[in-house]
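What follows is one chain in structure tokens, specifically the form predicted on its own.
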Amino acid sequence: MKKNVLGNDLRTLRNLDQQSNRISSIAQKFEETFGSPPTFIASAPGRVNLIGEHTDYNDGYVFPVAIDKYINIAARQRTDRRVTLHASDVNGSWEFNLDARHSISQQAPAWSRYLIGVASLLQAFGRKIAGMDAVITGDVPIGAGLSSSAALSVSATLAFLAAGSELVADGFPVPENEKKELAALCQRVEHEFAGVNCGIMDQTISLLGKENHGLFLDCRSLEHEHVPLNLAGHYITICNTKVKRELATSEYNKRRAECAKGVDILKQWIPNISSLRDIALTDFKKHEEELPILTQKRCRYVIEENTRVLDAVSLLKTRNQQITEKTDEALIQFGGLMNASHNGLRDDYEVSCKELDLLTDIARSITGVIGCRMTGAGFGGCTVSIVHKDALETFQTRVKKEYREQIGIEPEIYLCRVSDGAQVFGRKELS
């Protein structure tokens, strides 16, 4: 027991040290840009979804974790209504006036539209915000399926609220009862300002993430539960195909349409349903032949995936509390559900690609990898694996070598820590 407490204490100290270094680096970038220190830093994590892909916009279940990669906005309040932005990672800048929130210039860079959208909706809902100078930076890979856009929307939301608050010097804590409301606002930003008809998962986990816990989220009611992971010597490992997801947005919207079509048809036999989440797998199997083949495949995947999420969370919650360093049967079963999830995404939902399938196949062939699947919208982006610590070196060596031999590029591999959700750092952390 003492050993475990000591290990937890050392891990906490390492995390605090990493956080301190991150804040210091971001503050320095702001000072280099604007000539004086920031007042506060709003920081929001990316996410990786362990299981439950493409179920969120079908009112289903998901099980993501927040990861220790962040979009950060270092800022200081202005006395006027101007917002001056500098995105240091792309060396781009943009300015706008809060009073002109309903008109977006065609010249506005894509990243700026998220901040313009956040400012517009916050004001529409009567929230007090203020002008600010801001530097945006982060290490959530763009276009990799780790929710950099959600992290940007969430950090922008907290930054504008902090700029309009008298409490910002003390860190501007976000009340728990407001986080779901803010997640919904950030989802609307994606819909109305970025043209992506996404679900609610990414924004919610970025706000509600908890260290070393997965978030079991009901995407209809937004009821949620933090479930301890207890990975017992295993690590969450993300592999980036480095393939741009050029088809993701258009195909994503097509999948939504197919799911809606399936619901409309199945209402003839299963009344009082409003989404695929309402359909039991046994009922679906009775009527699936009534659907066009393509619609049938899309619906089958979503309905089966919802069942997999429920089973996966149940496994974690009922595991023996005496977790050992050995792989336990429940964790092996969890990995099996991850594998089945990828198979469904590949065969029925058809959002995988040869690069994602290759990374998955390589990972599954390595002893010590208990599960691997694509994560995110698909057509590129990342896989997520659960890997035993003794297999990490072999995993990294083989994945890089075999992927490079077959694809011609080297994948990026991230060993991730499960982190807390978004927060604002004020005077205490910046001093």
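These numbers were taken from a predicted model, which means no experiment stands behind them. All residue numbers are counted from 1 along the displayed sequence.
FYI, the form predicted together with alpha-D-galactopyranose (GLA) isn't displayed, but the following is about it.
Engineer: Which one of these stretches, 51-59, 394-402, 64-72, 24-32, sits within 4.5 Å of alpha-D-galactopyranose (GLA) in the model of the complex when only heavy atoms are counted?
Structural biologist: Flagged stretch: 51-59.
Engineer: Any chance all of 199, 252 and 377 sit within 4.5 Å of alpha-D-galactopyranose (GLA) in the model of the complex, going by non-hydrogen atoms?
Structural biologist: Each of the three qualifies.
Engineer: Give, in sequence order, every residue of 30-47 that has a heavy atom within 4.5 Å of alpha-D-galactopyranose (GLA) in the model of the complex, or say none if there are no such residues.
Structural biologist: The stretch touches the partner through 47 alone.
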